[in-house]
Structure formats: C-alpha cells, structure tokens
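This document starts with one chain, in the form predicted alone, laid out as structure tokens.
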Amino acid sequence: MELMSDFRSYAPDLGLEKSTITLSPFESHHLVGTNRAKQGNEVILFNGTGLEWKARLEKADKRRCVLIKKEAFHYNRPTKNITLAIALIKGKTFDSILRQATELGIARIQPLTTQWTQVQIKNAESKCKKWQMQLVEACKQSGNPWLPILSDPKKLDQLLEEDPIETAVVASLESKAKNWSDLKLSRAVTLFIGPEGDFTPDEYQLLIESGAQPVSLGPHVLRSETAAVSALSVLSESINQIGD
C-alpha cells in the first residue's frame, strides 16, 4: 500500500494513538506558504520511521497547521540495510548526494573526513541540522517513509577502529578492484566513497585490511557524486538478488 497526495509533510512526533497533529512552524510554512495547501486538503504525514497518516488539513496556518487523522499505515522496515560512508565534499554537491541517497532508500549516512578531505566543518551541530533538512526534503519528494540515520562526521581511521565493519565495499580505480558479480555481499553493507582526489593509498590499504572489498565503477574517473549514486544503485540491485 502507498498513500498518495499532492502534499507531504514531516511530523516526527506522529503516533498511532493520536488523532490530531500540529506541525512545526517550518513545516507549517512549507505546507501552506510554499506549497499553498488549503483547509480541507488531504496531506500525507510521515515520521521518518515508517509511519504515515492520510490526514485532513483542519487549520491552514503558516505558523501552526493542525491536521486530523483519516487513516494510518505503518511500513515494515526494509530488510536491505545500506550505509553510505562518504568523504565530505565542497559546495552543494554533498547536499545533492544526501538527497539522492535518500531517494534510493539507504538506511544510514556516515560523513567522513580523510587525509585529502578539503572541507573543514566549524560547527558540526549546525551543519548536521542542515543536512538533516536535505534528508527530510528528499523523503517528501520521493515518498520514502524511512528517514536515513545521519551520523556525526568521523575520521576514517576512527570509524574503522570504533565501528568494525562486517560487509563493506569501497569504490576503487586500482587494478585489483573486483566486478560487482564477484563480491560477497549480505543484506547489510557499508559503501565507502572517497573525496575529491580519492582515498590515499594508505587509506585504501586500511580499508582492505578492515575487510572492505574494492569494487570497480568502470574505467573512467568519476566525480564523487556520480560515483556515489552509481554505486548505490548497483549495490541496491545486487542486494535485491540475494533474497531474504
């Protein structure tokens, strides 16, 4: 079942036991001010953890929208669990990657800092809030009821030391990189994507020693955005072939 509507809003405090919900000022303004929803319109609300309401807009206020539940539906958590561990990238490219990864239905995003990362984050909390907004907007646009978990940025070596990986792949241009068909995958996989300039040889070695399988994305050098979206698409389809 898929609930459909011209309007879609994020309500993290949504609950099965509730009958009404009041949107945040931001979501209220986006629904009424930006999308021009009117009183009586049908709106799909989602909480990012699989719960959706089909609701009626009872109070169309740009600062405080009130909606009444008509019916609720809870989606099962996807059995496919992909984590994107990606090095920080300059400009709006990283935002674009976050949105496209969300549209593809990945479970978690782990921003990385590496030896060749050119981005310096001065206020991680503020930056993560902005990234979170990108994820929410991507869920609205795509209809994905599951908001990816966004982790705080970590150094690559710190991540590998603190969070041992079970099944992982790393996009690689090295001659020893495997084809997708040669990888040993499970339904829970971490995909590593490097920064502009890629991972250093030492970082590649660390990833391989930690269990990551090098995979080829083709003969050409790809931009990080292209590499991430391409690899996620192929990885997702490869996992689908495994079966439950």
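Residue numbers here begin at 1 and follow the sequence given. Predicted model only: the values in this text are computed from it and were never measured.
Here the subject shifts to the form predicted together with another copy of the chain, a form of this protein not shown in this document.
- Query: Which one of these stretches, 81-89, 158-166, 95-103, 115-123, sits within 4.5 Å of another copy of the chain in the predicted complex when only heavy atoms are counted?
  - Reply: Looking at the other structure, the answer is 95-103.
Although another copy of the chain is absent from this view, report whether S151 comes within 4.5 Å of it in the predicted complex, heavy atoms only. No.
Might S172 be said to contact another copy of the chain in the predicted complex, defining contact as any heavy atom within 4.5 Å? Result no; S172 lies far from another copy of the chain in the predicted complex.
>> Is P111 near another copy of the chain? Define near as a heavy atom within 4.5 Å, in the predicted complex.
In response: No.
Distance check, T22 to another copy of the chain in the predicted complex, heavy atom within 4.5 Å = Contact with another copy of the chain, no.
Triple contact flag Q141, S230 and E237 to another copy of the chain in the predicted complex, non-hydrogen atom at 4.5 angstroms | Checked in the predicted complex: all three residues contact another copy of the chain.
Could you list the residues in 214-239 that come within 4.5 Å of another copy of the chain in the predicted complex, counting only heavy atoms and keeping sequence order?
Read in sequence order, the residues that approach another copy of the chain (within 4.5 Å, in the predicted complex) are P219, H220, V221, L222, R223, E225, T226, V229, S230, S233, V234, E237.
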